[in-house]
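This document starts with one chain, in the form predicted alone, laid out as structure tokens.
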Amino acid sequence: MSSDLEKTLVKLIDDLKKKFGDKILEVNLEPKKVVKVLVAPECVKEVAQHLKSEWKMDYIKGVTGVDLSRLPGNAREELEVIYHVGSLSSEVLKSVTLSLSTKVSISNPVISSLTSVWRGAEMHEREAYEMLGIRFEGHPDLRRLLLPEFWSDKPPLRKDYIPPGRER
């Protein structure tokens, strides 16, 4: 990682910690240009808006949902939502993928939609809604994307989902 890029990322992380304080739960800066910032679910939208307006993180690369309920040795009744964002307008941050992450409980998986910050999140959030059951408040069109309309079982990427024919 170049020293300019490293300095910029350290500055970005310091800025987030200063602005959002203890709502920034964890930061991981890896040498391969990947930065992961775990934030409290109630401030994920604010942090996203700040990243876009102040740091030119202007597009979304993807949204990942992860069921953490059966991690070996560290199982939690939580789902993690990770927004992978980048910048087209910042020369220094152009090669960076920033992963903005938050965790919600499995029993009430609700967070604010980030489609008003990054319009490109719309389809990715729909997929996370459908596959993991995460509800994105404020999403403009939160309906099924891939599964049939008649689907009434658990979301298929949840660890407790058992596909038909594979019951034990």
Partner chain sequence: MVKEEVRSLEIYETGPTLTFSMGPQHPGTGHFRMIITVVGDIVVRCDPDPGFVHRGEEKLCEYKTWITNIPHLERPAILDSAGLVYPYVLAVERLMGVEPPERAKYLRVIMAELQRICSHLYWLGLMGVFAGHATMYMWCFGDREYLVDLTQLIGGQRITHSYFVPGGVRNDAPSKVPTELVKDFRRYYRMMLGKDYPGGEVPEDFRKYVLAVCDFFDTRLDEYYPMLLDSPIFIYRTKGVGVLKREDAISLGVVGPVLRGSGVKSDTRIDEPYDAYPYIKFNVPVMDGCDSYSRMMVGYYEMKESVKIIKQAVEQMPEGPVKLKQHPITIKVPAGEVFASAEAARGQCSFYIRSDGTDRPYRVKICSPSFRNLTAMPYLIRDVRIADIPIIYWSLNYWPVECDR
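Just so we're clear, the structure is a prediction, and the values are computed from it rather than from any experiment. Residue numbers count along the first chain shown, from 1.
What comes next is about the form predicted together with the partner chain, which is not displayed.
- Of the listed positions (104, 142, 132, 39), a single one reaches within 4.5 angstroms of the partner chain by any non-hydrogen atom in the predicted complex, namely 132.
- For residue 19, no non-hydrogen atom is located within 4.5 Å of the partner chain in the predicted complex, even though that partner is not displayed.
- Taking non-hydrogen atoms only, residue 149 approaches the partner chain to within 4.5 angstroms in the predicted complex.
- Taking the partner from elsewhere, residue 29 is found to have every heavy atom lying beyond 4.5 Å of the partner chain in the predicted complex.
- Taking the partner from the other structure, the partner chain in the predicted complex has no heavy atom within 4.5 Å of any heavy atom of residue 11.
- Applying a 4.5 Å heavy atom cutoff to the partner chain in the predicted complex picks out 68, 69, 70, 71, 72, 80, 82 from 68-82, in order along the sequence.
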